[in-house]
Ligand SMILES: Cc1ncc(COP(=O)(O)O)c(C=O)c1O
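Taking the form predicted alone, here's one chain by itself in structure tokens.
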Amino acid sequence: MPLNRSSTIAVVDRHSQATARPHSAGRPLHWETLALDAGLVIDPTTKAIAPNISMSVNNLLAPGDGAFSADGVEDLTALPYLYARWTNPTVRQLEQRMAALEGADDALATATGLAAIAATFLTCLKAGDHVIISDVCYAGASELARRILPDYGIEVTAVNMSRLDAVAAAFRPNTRLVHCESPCNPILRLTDLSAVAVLAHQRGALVSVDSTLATPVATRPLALGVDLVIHSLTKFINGHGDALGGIVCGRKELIEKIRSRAGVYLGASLSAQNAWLIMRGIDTLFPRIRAVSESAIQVARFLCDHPSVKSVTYPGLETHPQHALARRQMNVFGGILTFQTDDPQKMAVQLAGRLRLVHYAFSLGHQRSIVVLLDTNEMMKATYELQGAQLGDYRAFAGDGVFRISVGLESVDDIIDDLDQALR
């Protein structure tokens, strides 16, 4: 679907005499084009096409320009560049590009994905407030919510976001935020984002979603009613496994509130070098995600028939219990899948020793294929602490443990051959 850039992102860099390349007024740009072009500033001196890296921490300013404090500043991005912890020219281009890809007014980039989640939590919540979080989500977010937020007087309830009745029952008069993740890491359970947004907005709460596994290629949560969309830029957005970063995108007033509080005072600023590396990755985001999605469904189907594999979970498979929701909510099904075996600990040792092409390692979203065991007992002990029905819901997707595969850009035939010889 094409997007009218003029309604979403400024084409003129307010901080510089350089301007983005002009386009016909009102002509819509497709998402694939925005991944390359949104926020791009051509160097006024060299006419370089690639974004510059502005490594300077400080910038010249005229007396009277700028501000010594973020308090009372309505739009920090309207100020001249002052200090890199506040705003940086290279980081700002990244923010503009990601805002365009999510159909957002603005975005705030941070040092890591967890920093973007922390910025959202610590801006939208205060002592006496209540937050509902997905009972299965990125481990850092879960541990931050469960272990740190209560120390600051914030009440936390973790629910299975795929059960709308449980979400509805979790609301309290002081609920201010619902934080979900779709697909959730590591079990690939989905959240009906439109339905959760309706429930939250009826009760005066905001909704944030970690969309790291989906990326804007698969899902644009803001179009489904979500207020804030968060990414670990480290993963598929960057796509090369060489730069940490995070981002939160949304309405201008919400992003400005987060920028003026967390962006300035938490100090988790993204470096210009990493912003440049991540923008390099975004240039190829659409063909990369489409390629890994096409490979992932082939790998998933291969594993479904493998004698050493008990079950496979992938949103693109008809056997996924939420496949119909995936088809409604996702344009592609992504590069992450999971599988189970009879003795996961033994198989983990076997895979680590036999794999030649696929790497046995943590993280995901790289250009190279990666697999790792996420043991259910260890996940419960270290992170989720689920019991009863919630633990049963987790085990329905994960059993005693899942092997999470992040499919890379290698030939899918080579990936399958490597997995086959390692699994037998």
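When you see a residue number, it is the position in the sequence shown, counting from 1. In this text, all values refer to a predicted model and were calculated from it rather than measured experimentally.
The protein also exists as the form predicted together with this ligand; that form is not presented, and the subsequent description refers to it.
Visitor: Just to confirm the contact call: exactly one of 313-321, 287-295, 346-354, 244-252 touches this ligand in the model of the complex at a 4.5 Å heavy atom cutoff, so which is it?
Guide: Stretch with heavy atoms near the partner: 244-252.
Visitor: Find out whether any non-hydrogen atom of N331 is located within 4.5 angstroms of this ligand in the model of the complex, and reply yes or no.
Guide: Answer no; every heavy atom of N331 is more than 4.5 Å from this ligand in the model of the complex.
Visitor: A145 near this ligand in the model of the complex, any heavy atom under 4.5 Å?
Guide: So A145 does not count as contacting this ligand.
Visitor: Should K235 be classed as touching this ligand in the model of the complex when contacts are defined as heavy atoms within 4.5 Å?
Guide: K235: contacts this ligand in the model of the complex.
Visitor: Look up in the model of the complex whether T112 has a non-hydrogen atom within 4.5 angstroms of this ligand, and give yes or no.
Guide: Close contact exists here: in the model of the complex, T112 approaches this ligand to within 4.5 Å, heavy atoms only.
Visitor: By the heavy atom within 4.5 Å rule, which residue out of A104, I117, I282, L188 makes contact with this ligand in the model of the complex?
Guide: Exactly one residue meets the criterion: I117.
Visitor: Though this ligand is not shown, can you say which of T338, N274, Q96, T212 has a heavy atom within 4.5 Å of it in the model of the complex?
Guide: Residue within 4.5 Å of the partner: T212.
Visitor: Among Y138, E181 and L364, does every residue place a heavy atom within 4.5 Å of this ligand in the model of the complex?
Guide: Yes: Y138, E181 and L364 each sit within 4.5 Å of this ligand in the model of the complex.
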